[in-house]
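A single chain comes next, written as C-alpha cells; it is the form predicted alone.
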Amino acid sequence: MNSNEKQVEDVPIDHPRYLSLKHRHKIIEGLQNLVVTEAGLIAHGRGECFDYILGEKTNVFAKNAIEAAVALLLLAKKPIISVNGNSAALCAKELVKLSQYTKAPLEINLFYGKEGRIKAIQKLLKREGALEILGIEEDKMIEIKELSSNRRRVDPDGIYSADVVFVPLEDGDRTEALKKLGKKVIAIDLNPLSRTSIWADITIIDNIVRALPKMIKFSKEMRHKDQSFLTKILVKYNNQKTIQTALNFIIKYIKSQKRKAFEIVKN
C-alpha cells in the first residue's frame, strides 16, 4: 500500500468531504503515475470550488444537458471522446463504457506533453477494457492550424475528421478552434462562465464523476431509439438557457448558504 492509498483509508466514510477527498486522492495517484501533471492538481481544485456552489449534486439543468449530449453522440456520423489526464485519472472505466455504448472511439489529447504521459494514460484505459485508442501514434498525428498549443496535434482518424467531439475537462482554446472547424462540441465543465462552457454546443455543468455514470445510463436506454426520437431531444435543448439557469442556481445557492451561516453564528 502506497502513502496515497493509506491517506484515503484514513478518511472515515462518514466524513462530510469523503467523496471529495477520495477523488482528490485519485488525482494525486494520477500525478504519481504520470497520468496527471502538476497543473492538473490546480485545475481539479478550481473545479471543487465550483462544485461546492453547485450544491455537489447533478441539477436538473445538468441532467437535461446530459440527455442532449447522449442524443448528439448517438446521432453523430463520426463521434470521438477526447481524453486528458484528469478525466482518465478520475473516470477511466466510465470513459471506456461510454465509448462502447455510443461507438465513439477514445483519443488521448494533452495540453502538457510530458514524456511518458500518453503511454501511462493508454495503459490505464486498456486496463479498463479499451480496445481502440487513438492519438498514440506520434508519426501519424496531424496539426490543427487554428491552435498553437500541444492540443493542435490530433489523430486524422479521430478528432480531425470527427463531426462531434466530446471534451470533458477541457480548455477553451481548443473548444473554440473545434467550433471554427465546423464541429459540434460537448463539454463537461463545472464553471458555467468558462470559454469552454460558452463555446460548446452542449455544456454539462456538473462534476465528471457524477455526469459520466448518468451518460452511460442514458446511452443504454437511448442507443436503440430511432433518429426522430433523438432529434426531438436536441431540438428542445438550449445551451444558453442551461448556462443562465446554472448561474441563477449558483446565486440562489450562495444566498441560502449565507443565511445558514448567519444563523449558525447567532446560535
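From 1 onward, residues are counted along the sequence shown. Just so we're clear, the structure is a prediction, and the values are computed from it rather than from any experiment.
From this point on, the text means the form predicted together with a small molecule, which you will not see here.
Sole residue of L74, V164, A177, L110 within 4.5 Å of the small molecule in the predicted bound form, by heavy atom: Looking at the other structure, the residue within range turns out to be L110.
Proximity to the small molecule in the predicted bound form, single hit among D157, E132, D171, E128 (heavy atom within 4.5 Å): Selected option: D171.
Contact label in the predicted bound form: K184 to the small molecule, heavy atom within 4.5 Å: No.
A92, heavy atom within 4.5 angstroms of the small molecule in the predicted bound form: Taking the distances in the predicted bound form, the answer for A92 is no, it never comes within 4.5 Å of the small molecule.
4.5 Å heavy atom contact, N207 to the small molecule in the predicted bound form: Answer yes; at least one heavy atom of N207 falls within 4.5 Å of the small molecule in the predicted bound form.
Interface membership of T37, the small molecule in the predicted bound form, 4.5 Å heavy atom rule: Yes.
Location of the small molecule contact in the predicted bound form, chosen stretch of 42-50, 213-221, 230-238, 66-74 [non-hydrogen atom, 4.5 Å]: Only one stretch passes the 4.5 Å heavy-atom test: 42-50.
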